[in-house]
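Okay, so here's just one chain, in C-alpha cells, the form predicted on its own.
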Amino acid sequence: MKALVTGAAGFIGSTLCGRLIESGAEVTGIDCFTDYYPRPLKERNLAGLRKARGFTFVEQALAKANLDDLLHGVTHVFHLAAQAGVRKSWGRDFGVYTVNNVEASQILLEACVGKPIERFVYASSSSVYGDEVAMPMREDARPQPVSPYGVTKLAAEQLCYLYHVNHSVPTVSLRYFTVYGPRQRPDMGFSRFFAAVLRDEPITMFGDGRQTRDFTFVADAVSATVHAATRGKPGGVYNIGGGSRVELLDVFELIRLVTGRPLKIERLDAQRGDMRDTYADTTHARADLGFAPTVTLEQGLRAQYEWITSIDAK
C-alpha cells in the first residue's frame, strides 16, 4: 500500500499513519496546521512518525498542494483533514468549515479522477444524523444535522458519492461516533474532563447529564479505517461506533473511578448544535469490514488518562 493521509498531524490521522507504517505501508501525510488548537500538540503527534522509515510529511493546505505529484503512485487515500468542532461552527466561522471541509474535499476528489486509486476513505461523523432519527442510528436513516459542522460533513459525504457515481472514484465514507483515546484534541470532552480533574477544577457539564454518546476508542476506529481501505464497498457509508453508549453522568463516575479523585461538576445550559443522543447500528461495518470493537469504555478511559499523565510528567 502507498497511502496519502490528509490531516496527518491530527488525533486520528496521526494514529492511522502509525498503524499503516507498522503494517509496512509507504505513507505520505499532509496537514496545514490550522489554528483550531495549538501547533505544538500536533507536532507531538508527529514526533515519532517523522523518524519512521516510509513516512513523508508535507505541510500544505490541500487547495495549494500539488496533488498530482502527491497522488503519483498512490493506491489509497485516507481523507481525515477537516475543521473540527460543533460549537465553533456557527456564525462567521462557518466559512472556515465550508473551505476546509467541503471545498478541500472537492479539490481532492477532483484530483483523484482518472487515477488508479483502490480506495478513497473519507472520515465523516455521526453529527450528520441530527436528533430526529431512530435509535440505533442506521446508515439509511434520513440525515438532518443540527449543527453547521454536521452540514459540512454531510456535504463532503455527498461529494464522495457524486465522484463515485460520475467518475468511478472508489469512495468509502465512515461515520465516526465520538472517538476518544490518547492524542484526543484538547477541546473534546474527555480531554477537558481529565484536565479539569488534574487541576482540581470544576468539570463543565452542558445540559442535564442524561444525554448519551456511543464512544469509540481510537484504536478501534483506526482498525475500521484500515479495513475500509481493502474491504469497504465503493460508494458505501458505514457507521463506526464502539458499542459503549453511555450517559454523561455515568462517564463522570467512570472518570472518578479511573482517576481516583473526586469530581466537581458545574452545570450549564445545553449548547446549540449538540446532539442529544448517538448510538450506532454497526451491522454493515461488521459484515463488510469485519469491524468488532475490542476496547471497553473503562479500558479506553484508563488508556487516555495514563497517556495524559505520562505527557504531563515529561
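These figures come from a predicted structure and were not determined experimentally. Numbering starts at 1 and follows the sequence shown.
Absent from the display: the form predicted together with a small molecule. The rest refers to it.
Undergrad: Please pick out the stretch from 56-64, 265-273, 281-289, 244-252 that is in contact with the small molecule in the predicted complex, where contact means heavy atoms within 4.5 Å.
TA: Stretch with heavy atoms near the partner: 56-64.
Undergrad: Can you work out whether the small molecule is within 4.5 angstroms of a heavy atom in all three of V86, M137 and T212 in the predicted complex?
TA: No, the candidate spot makes no contact with the small molecule.
Undergrad: Going by heavy atom distances of 4.5 angstroms or less, which of A229, A123, A156, V74 would be at the interface with the small molecule in the predicted complex?
TA: After the contact test, the surviving option is A123.
Undergrad: So which of V237, V179, L109, V222 gets a non-hydrogen atom within 4.5 Å of the small molecule in the predicted complex?
TA: Checked against the cut-off, the match is V179.
Undergrad: Answer for L301 alone: is it within 4.5 Å of the small molecule in the predicted complex, judged on heavy atom distances?
TA: No, L301 stays farther than 4.5 Å from the small molecule in the predicted complex.
Undergrad: With the partner left out of view, is C32 within 4.5 angstroms of the small molecule in the predicted complex by any non-hydrogen atom?
TA: The answer is yes: C32 has a heavy atom within 4.5 Å of the small molecule.
Undergrad: Any of the heavy atoms of V169 lying within 4.5 Å of the small molecule in the predicted complex?
TA: Contact with the small molecule, no.
Undergrad: I'd like to check something about V197: if you look in the predicted complex, is any of its heavy atoms closer than or equal to 4.5 Å to a heavy atom of the small molecule?
TA: Looking in the predicted complex, residue contacts with the small molecule do not include V197, since no heavy atom lies within 4.5 Å.
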